[in-house]
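Taking the form predicted alone, here's one chain by itself in structure tokens.
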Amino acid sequence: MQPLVLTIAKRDIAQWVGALLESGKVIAPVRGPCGEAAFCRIESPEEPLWEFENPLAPPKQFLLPQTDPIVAIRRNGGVTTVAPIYDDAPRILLNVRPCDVRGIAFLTRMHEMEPADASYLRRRANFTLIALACHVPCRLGFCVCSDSGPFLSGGYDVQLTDLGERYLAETGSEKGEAAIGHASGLFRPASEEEVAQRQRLETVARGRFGDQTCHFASAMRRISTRRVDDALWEQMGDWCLECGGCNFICPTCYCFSVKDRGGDGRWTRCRMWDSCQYGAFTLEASGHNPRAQRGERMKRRFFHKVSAQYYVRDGATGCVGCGRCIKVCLGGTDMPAVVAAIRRRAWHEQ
């Protein structure tokens, strides 16, 4: 399929968003009650933000909800029935940043592995992703280190780029073309100069990243060949407060537990977010815990994120460079800090 490269005037954006709202549920970053940006379902074309700092909570919550009903269990007399629960509602995720598009791609690859997770995959199949390229990098972002931004070369349904008075729209799928088609009269083919301007903006954006980078290659070699001393993991583990924040705000984390809710013959089995940094996450029914120490849990987390073994399996590092872990980690054991400590073979307590 030959992608379309179109433009739309900013004065027509609200009209396009209105057309999208008529086609299904639209989720977009909006201004929260305390002034923060947050992904929410919108009701009007004026709600979405177009210039914003990426919300702390990633949009994975709409594809992999914090409490996700997956099975309905019913008991009637001596008969018990079990039926899967699927969410097939069409949704459009508008103005999602490139790092989060990569995060969703990572989650999708993981859920496609055998045994494939039909609950997630059916929900994902009904999502349309409209990305908004980052011509101004995030203050703490390092997406260039994991090929997750600031612009995307694929993986989106539509990618928008702010050209000043207009947005350039690149389609990446039939769903993207359908999203444009809801208001096709508002779009026109992009000129060569507009395409060139988009390329210049990407080049400038890549050159504007600051010192907050994450050099994965060296750390990957050391982790993969088990050349990180246990004493270093233990030292870094001492700074982990076991809050789970790093898992919950990470676009690629999917640790979960399963709980049954209800009673009186009617239950709903739910998949619920959990954290591999919690002391009880690997606690076995026997009472044995193979990762009772925080250093062991830290080691496992970063082996999963950065090792060559998982890179080969997943096709990418388990980090998209969004910088959220830097914001949320009270102990300073965020991805760039840990990767730097592994490369230096020393943890600098600050």
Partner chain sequence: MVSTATTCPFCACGCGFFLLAKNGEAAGVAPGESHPVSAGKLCARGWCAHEAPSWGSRLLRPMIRRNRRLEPVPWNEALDHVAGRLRELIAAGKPVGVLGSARATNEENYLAGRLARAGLRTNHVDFCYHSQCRPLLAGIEDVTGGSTRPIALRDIESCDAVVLVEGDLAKTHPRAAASVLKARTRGARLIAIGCARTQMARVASRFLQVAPGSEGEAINALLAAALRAAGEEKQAARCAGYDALRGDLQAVSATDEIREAAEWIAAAERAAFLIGPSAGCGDASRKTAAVIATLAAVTGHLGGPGSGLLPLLGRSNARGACDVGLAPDRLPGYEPIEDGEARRRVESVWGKALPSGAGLDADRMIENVSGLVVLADDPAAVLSAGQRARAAIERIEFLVALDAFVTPVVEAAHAVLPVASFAETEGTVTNMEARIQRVRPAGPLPGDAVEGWRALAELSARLGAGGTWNSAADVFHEIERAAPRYGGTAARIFDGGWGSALTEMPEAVRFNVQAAATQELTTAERPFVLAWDGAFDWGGDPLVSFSPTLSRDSQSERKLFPNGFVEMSGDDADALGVRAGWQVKLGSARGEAIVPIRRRDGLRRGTLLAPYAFRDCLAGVLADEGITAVQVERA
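Quick caveat: nothing in here was measured; it's all calculated off a predicted structure. Positions refer to the first chain, counted from 1.
This next part talks about the form predicted in complex with its partner chain, which is not shown.
Ok, 178, 243, 163, 204: which has a heavy atom sitting within 4.5 Å of its partner chain in the predicted complex? After the contact test, the surviving option is 243.
Quick one: of 270, 107, 133, 183, which gets a non-hydrogen atom within 4.5 angstroms of its partner chain in the predicted complex? It is 270.
Counting only non-hydrogen atoms and a 4.5 Å threshold, tell me whether 14, 51 and 144 all contact its partner chain in the predicted complex. No, none of the three is in contact.
So in the predicted complex, is its partner chain close enough to residue 348 to count as touching (4.5 Å, heavy atoms)? Answer yes; at least one heavy atom of residue 348 falls within 4.5 Å of its partner chain in the predicted complex.
Contact with its partner chain in the predicted complex for residue 260, defined as at least one heavy atom pair within 4.5 Å: yes or no? Yes.
Check whether residue 302 has any heavy atom within 4.5 Å of a heavy atom of its partner chain in the predicted complex, and answer yes or no. Looking in the predicted complex, residue contacts with its partner chain do not include residue 302, since no heavy atom lies within 4.5 Å.
Would you classify residue 112 as touching its partner chain in the predicted complex, given a 4.5 Å non-hydrogen atom cut-off? No, no contact at 4.5 Å.
Using the arrangement in the predicted complex, list in sequence order the residues of 308-345 with any heavy atom within 4.5 angstroms of its partner chain. Going through 308-345 in order - heavy atoms within 4.5 Å of its partner chain in the predicted complex - the hits are 326, 327, 328, 329, 330, 331.
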